[in-house]
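Just the one chain here, laid out as structure tokens, in the form predicted on its own.
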């Protein structure tokens, strides 16, 4: 992956790349997120697991700055204001229709860099690089409405990558995908990690991601109930009602072979 598409990384290996403290989201008398605190190390993939309604999507939107949560969110030791989070944190929505805005694939990938005010020559380089990296060359001039579900998912990821965010958040990225598209998304996320991106994936399909993640955070009722290495999370996932195929080891859960 070209250097200008990779995130800017700090040199302080001892410091958490993203640190969240006491994140709370409350509307009137309803508490959606309750004093969530966790950190993400740079260049890692973290799985955010939990059953439907556990608060995963609200957490991602709060991190991005789309919901008015209280608490602090720091990147490389600096607290980020909402406007800074909108730029530094990329969010891939579950519904691709909420994210894809261009009339063609290449125009959609160019949308973000254009809004950043980049030069046309630089935008062209970014579009070419992102389309090549995510395997969208054959459909670059197509209308997104004519793409398959898997292609639309890759396009939604491409639009985020084109802005070189420091953190990539993904909300149920495997929703409604067939087996080949599922494998393609997982392999793409592994490749992005290798390029230096820090990734947080919210999914109730833990069995498909677990073997490819470094850590697993489990949510229930708007709270974090487990936060540990993914290889040590099998029992906790089962405890909180998250499906894991029986009689399979951590490594045997891989979907990227």
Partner chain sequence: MGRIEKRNNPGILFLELLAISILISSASLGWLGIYAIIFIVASLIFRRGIFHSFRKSPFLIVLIAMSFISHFAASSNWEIGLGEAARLTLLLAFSFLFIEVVDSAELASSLGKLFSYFIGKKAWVLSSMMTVTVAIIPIIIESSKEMFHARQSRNEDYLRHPVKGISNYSVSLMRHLFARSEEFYNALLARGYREDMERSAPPIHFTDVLSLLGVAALCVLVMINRILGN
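Please read these numbers as outputs of a predicted model, since none were measured by experiment. Numbering follows the first chain given and starts at 1.
We do not show the form predicted together with its partner chain, though everything after this point is about it.
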Would you please decide whether residue 103 lies within 4.5 angstroms of its partner chain in the predicted bound form, comparing each non-hydrogen atom pair? yes
Please run the contact check for residue 99 against its partner chain in the predicted bound form: heavy atoms, 4.5 angstroms, yes or no? yes
Residue-level question: is residue 175 within 4.5 Å of its partner chain in the predicted bound form, judged on heavy atoms? no
Is there a heavy atom of residue 109 no more than 4.5 Å from a heavy atom of its partner chain in the predicted bound form? yes
Decide if the three candidate residues 214, 226 and 235 all line its partner chain in the predicted bound form, where lining means a heavy atom within 4.5 Å. no
Residues in which of 182-190, 146-154, 68-76, 90-98 have heavy atoms within 4.5 Å of its partner chain in the predicted bound form? 90-98
56, 204, 208, 64: which sits within 4.5 Å of its partner chain in the predicted bound form by any heavy atom? 64
Can you list, in sequence order, the residues from 212-232 that come within 4.5 Å of its partner chain in the predicted bound form, counting heavy atoms only? none
